[in-house]
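The chain below stands alone and is given as C-alpha cells, in the form predicted on its own.
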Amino acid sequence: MAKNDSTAKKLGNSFVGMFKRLFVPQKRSALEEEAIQTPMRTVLKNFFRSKLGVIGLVMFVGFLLFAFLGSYLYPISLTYIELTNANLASGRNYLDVPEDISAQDVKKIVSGVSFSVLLTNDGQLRIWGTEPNQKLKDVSDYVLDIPKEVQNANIVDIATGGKHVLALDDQGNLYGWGYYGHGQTTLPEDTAEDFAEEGIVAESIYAATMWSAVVGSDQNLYFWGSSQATTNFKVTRAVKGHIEKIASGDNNMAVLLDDGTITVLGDKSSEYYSNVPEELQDGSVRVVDIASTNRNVLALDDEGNIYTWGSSQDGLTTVPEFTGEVTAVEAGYKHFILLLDDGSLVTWGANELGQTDLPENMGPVTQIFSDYFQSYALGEDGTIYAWGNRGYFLGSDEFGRDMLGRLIHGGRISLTVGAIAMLISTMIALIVGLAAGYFGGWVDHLLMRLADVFSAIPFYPIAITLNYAIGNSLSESGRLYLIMVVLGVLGWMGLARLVRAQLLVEREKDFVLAAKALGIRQNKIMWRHILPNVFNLVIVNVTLGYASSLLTEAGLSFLGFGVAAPTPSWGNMLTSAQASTVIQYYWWRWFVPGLCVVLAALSANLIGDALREAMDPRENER
C-alpha cells in the first residue's frame, strides 16, 4: 500500500512539475538562459534589439499587405480610361453636400468633374468638392471661390462645364469663372451687343467641357468657346426662335423645339447624329423632356414613352425594364436616370465610378440632378441623396485613372518582379559559388572567368536590346517573365564571389574533413554541411540585393523598357515625371510612386543591415 502511495505521489509531482515548466515562467540566470538559447533565437533576439531593423521590417510588411492584400480589396480595370477626369488632385469630398442644406432649400444642382454647385431657392450658391484647375494658367478665378459679384447677386440659373461655372442673375447678367482656355467663361462682346440692341434676355444657360451656351428670350441659341464647337453647332433658320431646351455632350447637341420635335447638332459622322428616331423629328409624337450623356440621347414623350439613341457602348441604348410612369429624366457623362411616379429611380450605363449604384435605404424622391459623374436626388423627407464619383484618395493620372488603385497593383508587380529576380540570381550564385569554392582548380577558374564575362555585360543596353528584339512579341505576362529572367541572370556575380570566398574558408575546417572521412558524398557535404555555415551571408546579401532589384526594375520601367502600360508598376508610373509640367503641377503623379520605391528599398536595406549585425558575433560583443 505504501509503495502504491509513493508511486502516485511521484506521478503527481511529475505532472505538477511538467505543468510549471510549460505554463509558469521560470527564473533562470543569464548563464542558464544562454545555455538553452538556440542560434535562431539568438539571431531573432539580436535583430529585434535593432530599432532600425524593426522599423524596416514593419515598413516592408506594410508594403506587402498594401500591395498583395490591397489588390484583392481594391480591384481596378487595366483598360479603364476617362480623360475627362485627368490630373485631378487628391480629394474625397466630391459628394459632400453641406450639412446645413436640406432638400427644401434646393432649386438646382449641377456638377463639374470634381465639384458640384447648388443653387438655393433664395438665389445663393454653395460649392463643394476639389479644385479641378490645379494651378493652370488659363484660370480667371478658381472654381471653388465664388466671385464677390456673384455672392451679391440673385442667381436664377447655373451651369457647369468640366472645369468652369456659369451663373445667371435675375437682371440677365451672366457670370463665368474657372478654366477659360477656350474663352468659355465670358459672353462674347458681339453677342452681348446683339442682346443689348435687340433687347434679348438670357433665360437659360448651358455648359460643356469646352463651350458654353445661352437660350435667349427670342428662343434662339447662342454659344461660344471651342472653335470646333462653334463650327459644329450651326443653328438653322428652321430651329431659330423655336428652342425650348438643349441637352448635349462635348461634341453633339440635342435640341427640343416648341412643337415637341427634336433636332440634333454637331458631329454628323457620329451615331448621336445619325440614329435619331424619325417619329421624334416628323411630329408623330410630342417630346416633353430630353437628357444627354456625352454620346447618347434620351427623350421622353407626352405619353411616358422612352426613346434612346447614340453609341451602344455601356448599354445606354437598352432601357431596363421598370413599372410605373416616368416623370423626369436626367443624364450624367455616361449614365441615365429615370424618376418614376412612385418616387423610385431607374439607372443604367457605365458604373466604373459608382454612377448607377443608388444609395441604400433611399426613400421616395421628388427631383433628380445628374452631371458628369455625380448624381443627386431630393427626398420627400428633406434628405439629399448623393452617389457617383466620391473622388480620389491620391488623385488621378493623365488618363483619369485612380492613382491609389494603380499604386497598389503596381506595388504587387514591382515587389514580385524584384523577389523572383532575386530568387533566380541567388540560385545561380549558390550553384556557381559553392562549386567554385569547394572544388577549386580548373572548376574555380572556369566559373570565375564566367562571372567576369557576365560582369562585363552592360545591364541596361542588354535589357533594352532584348526588350526591342523580343519584348513586343510577348504578352504582358511574358514581358514580366523576361524582366525577371534578365534581372536574375545578370545579377548573380557579386553574391557568387562572396559565397566562393566564404567556402574557401569553410572547406578547410575539421567538420568537412570529418565528413569526407565518413565517406559522405561531395554534393551532400556542400549542401548539407557547408551551405548552412554560409547561409547567414546569403540571407543578408539577398535582402540587400532585393532592394537593388527593386530599384533596377523601377529604372527600367521608368525608361519605358520594363513593365509596359497599362499594367502598372511603380517604375512606369514614374515615367510621367519626365515632363516638366507634371513635376511642376501634378506632383502626386511622380512623388507618391517615387516615395514608395525609396521606402520599399530602404526597408529592405534596413532589414539586411540588421540581419548582418544580428548574425555577426563580433557585433554582438560590442
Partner chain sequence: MTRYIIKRILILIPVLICITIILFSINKLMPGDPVKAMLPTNLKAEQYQAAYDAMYEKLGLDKSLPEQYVRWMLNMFQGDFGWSTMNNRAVADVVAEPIRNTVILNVGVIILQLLISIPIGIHCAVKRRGLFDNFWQVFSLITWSMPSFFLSMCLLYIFAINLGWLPFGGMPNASLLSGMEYVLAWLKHLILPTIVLTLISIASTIRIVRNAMIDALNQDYIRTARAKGLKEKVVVYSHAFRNALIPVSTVVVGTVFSLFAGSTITETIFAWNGIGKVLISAINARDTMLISTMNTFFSLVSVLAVLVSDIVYGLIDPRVRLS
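Given the structure is predicted, the values throughout are model-derived calculations rather than measurements. Numbering follows the first chain given and starts at 1.
What comes next is about the form predicted in complex with its partner chain, which is not displayed.
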Any non-hydrogen atom of Ala577 within 4.5 angstroms of its partner chain in the predicted complex
yes
I'd like to check something about Pro532: if you look in the predicted complex, is any of its heavy atoms closer than or equal to 4.5 Å to a heavy atom of its partner chain?
no
Is the gap between Asp452 and its partner chain in the predicted complex 4.5 Å or less for some heavy atom pair?
yes
Phe591, heavy atom within 4.5 angstroms of its partner chain in the predicted complex
yes
Counting only non-hydrogen atoms, choose the one of 421-429, 455-463, 278-286, 342-350 that falls within 4.5 Å of its partner chain in the predicted complex.
455-463
Have a look at Leu44, Leu595, Ile55, Ala565 for me and say which one sits with a heavy atom within 4.5 Å of its partner chain in the predicted complex.
Leu595
The listed residue (Tyr468, Phe399, Tyr74, Phe511) that reaches within 4.5 Å of its partner chain in the predicted complex by any heavy atom is Tyr468
Can you list, in sequence order, the residues from 582-614 that come within 4.5 Å of its partner chain in the predicted complex, counting heavy atoms only?
Ile583, Gln584, Trp590, Phe591, Gly594, Leu595, Val597, Val598, Ala601, Leu602, Asn605, Leu606, Asp609, Arg612, Glu613
